[in-house]
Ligand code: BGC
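Only one chain is given next, in structure tokens, and it is the form predicted alone.
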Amino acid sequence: MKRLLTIAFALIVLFPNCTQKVTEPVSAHEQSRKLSRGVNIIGYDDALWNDYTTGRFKEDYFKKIFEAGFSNVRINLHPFSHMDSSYTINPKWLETLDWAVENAVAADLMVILDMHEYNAMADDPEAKKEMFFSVWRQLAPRYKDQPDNVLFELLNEPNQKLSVELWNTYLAELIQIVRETNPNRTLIIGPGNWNGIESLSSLELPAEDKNIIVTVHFYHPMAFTHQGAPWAKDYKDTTGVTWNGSDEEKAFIDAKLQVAADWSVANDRPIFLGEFGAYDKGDMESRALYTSYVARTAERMNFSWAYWQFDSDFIVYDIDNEKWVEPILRALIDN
């Protein structure tokens, strides 16, 4: 026995990593089931990203989100304006992200780190490629020891000059970069054309890597969901469009989402509906009806989801008055 203990001690000294726990990748389908219902948070809380003690989003909101019935938060990341000329991320920005991840995990929430620099990437993807890749070269090793309930979403809504072909090329390289430090981390990846359901068939993923959840976004019909939105040039002057839950309106949503459901089954990839909702200028009754129907339909099709969003616009929580927007919250959480 003494000899065996001596040998074991020698092995530990010579090969210190041999005693580390080897974790197996979790099932992407199980991860999607655990994601369940969620909400997008803090993407446009500019003050918070400079100093999390001064932001609109407060620490106790993580617990509030969990207690309200949500299971995940999708943290929208805009690091480009917080990087120096060598593409190193500002330590204060990283400190805020550490704070968000720590508190979300402590609140028993699944956490999605969503690289949200889609506008910059759409405008000039080739010039921004190294900057983009540098983000994941820093974030992936920084969070490699986080639990399985921290997921990486590689890029929100690739579009325009970041074509489906170029996106697939970037993906092949980017997945390898992340897998160097996170071989078993669940990734979330969506197709080009704004994570459009119609573009799922164009998405190229490594067949051998099954620890990937595929994301799509849903804002149909845009004339309803984006009426009065100042950034939506085709709908910014639109008003008075309602959604009444008619058979025709429901059938339209069913048909759109069924495309993703069919693709999911055919490709054995779970679906995460990463964004949906209706802009605040629509009437509340219509917005609540629509939001509830999309959420329940997504669940019926075995999608996990995250509502857009907690604060800023499409809101589900009124920070100024410290209360939930009850019709939207009930639409999301009440069955």
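The model shown is predicted, which means the values in this text are computed figures rather than measured ones. From 1 onward, residues are counted along the sequence shown.
Another form exists, predicted in complex with beta-D-glucopyranose; not displayed. Remarks below refer to it.
- With the partner omitted here, the stretch from 131-139, 166-174, 111-119, 87-95 that lies within 4.5 Å of beta-D-glucopyranose by heavy atoms in the model of the complex is 111-119.
- beta-D-glucopyranose in the model of the complex comes within 4.5 Å of a heavy atom belonging to Trp308.
- With a 4.5 Å cutoff on heavy atoms, Gln227 does not count as touching beta-D-glucopyranose in the model of the complex; it lies far away.
- Shown alone here, Asp318 lies farther than 4.5 Å from beta-D-glucopyranose in the model of the complex, counting heavy atoms only.
- Mapping the unseen interface onto this chain, Thr186 falls outside it, with no heavy atom inside 4.5 Å of beta-D-glucopyranose in the model of the complex.
- In the model of the complex, every residue of the candidate spot (Tyr219, Trp231 and Phe314) has a heavy atom lying within 4.5 Å of beta-D-glucopyranose.
- In the model of the complex, the residues of 140-176 lying within 4.5 Å of beta-D-glucopyranose by at least one heavy atom are, in order, Asn156, Glu157.
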